[in-house]
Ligand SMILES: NC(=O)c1ccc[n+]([C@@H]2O[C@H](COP(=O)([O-])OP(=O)(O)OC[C@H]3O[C@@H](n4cnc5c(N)ncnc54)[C@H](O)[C@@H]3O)[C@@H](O)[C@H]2O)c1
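Next up: just one chain, as structure tokens, the form predicted on its own.
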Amino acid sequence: MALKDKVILVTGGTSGIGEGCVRHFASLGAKVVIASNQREPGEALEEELRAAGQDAHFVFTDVSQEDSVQSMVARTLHFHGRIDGVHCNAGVWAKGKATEFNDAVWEKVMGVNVKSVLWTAKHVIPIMENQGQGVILITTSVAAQIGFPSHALYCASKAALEAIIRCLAVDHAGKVRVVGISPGTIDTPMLAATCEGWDKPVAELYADVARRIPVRRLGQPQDIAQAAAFLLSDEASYINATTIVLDGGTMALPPW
């Protein structure tokens, strides 16, 4: 994909899908800014990519806090003078039914999964509008469409992102293109965390799930990264205000 020399900011860029995207974007020649609250992995990833001749900077960021997001955007401008694309990928997971709901879990999940996207949009869109163009890519999830057991708040947070994608695209039409990418079951540390407490080993759980997915395997961060690179590129210039599902066919399955 034509990402060479494009300035791409990735939140949640030090683990799972985010790390996979950072590595792929950098390999395509993008100038990548890695934002994360994981300092040591972020600094190590920056060092590794720069040693390989790729353009990468790490910025320590708490995306749930406006001042931290504002600093992230300012640092990106300091490095490169422009922002061509932002991949809002930072996310957290919390298990629980509505009967177990409390303010703490609301702040944790909605603060990172939803509010962070609004903070990022608030501070990056004026820059993109001043440039005349820009792309915002948001990682949602098939959880926006599926009622996962004991995941009420997480599912709600991902559904909220799909509404935000549409609204941002309409409110900033002609200057900012806004798209979503909706992963299914992807082999990441977050997926492993959801397996805690089950009576089967993680490898056995993964094998059971893989047998059910129509492509007969779990997704990998690289699967998402390749599609994300396309969505951020000029080749995808007519894709707007919508979300691309990458679930290996999971949502086509019947309920038996």
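Treat the numbers as computed from the prediction; the structure is a model and nothing was measured. Residues carry their position along the shown sequence, with the first being 1.
Form predicted in complex with the named molecule: not shown, discussed below.
Interface segment, criterion being heavy atoms within 4.5 Å of the named molecule in the model of the complex, picked from 49-57, 23-31, 62-70, 226-234: It is 62-70 that comes within 4.5 Å of the partner.
Non-hydrogen atoms within 4.5 angstroms of the named molecule in the model of the complex: do I17, V92 and T188 all have one? Yes, because I17, V92 and T188 each have a heavy atom that approaches the named molecule to within 4.5 Å in the model of the complex.
Looking at V112, I164, A152, V135 here, can you tell me which has any non-hydrogen atom within 4.5 angstroms of the named molecule in the model of the complex? Answer to the contact question: V112.
Non-hydrogen atom contact T120 with the named molecule in the model of the complex at 4.5 angstroms: Taking the distances in the model of the complex, the answer for T120 is no, it never comes within 4.5 Å of the named molecule.
Could you confirm whether P183 comes within 4.5 Å of the named molecule in the model of the complex, counting heavy atoms only? Looking in the model of the complex, residue contacts with the named molecule include P183, since a heavy atom lies within 4.5 Å.
Does R177 reach the named molecule in the model of the complex, with heavy atoms at most 4.5 Å apart? Residue-level check for R177: no, no contact with the named molecule.
Evaluate N37 for contact with the named molecule in the model of the complex, applying a 4.5 angstroms cut-off between non-hydrogen atoms, and reply yes or no. N37: contacts the named molecule in the model of the complex.
Would you give me the residues of 140-155 that have any heavy atom within 4.5 Å of the named molecule in the model of the complex, in order from first to last? Residues within 4.5 Å: T140, S141, Y154.
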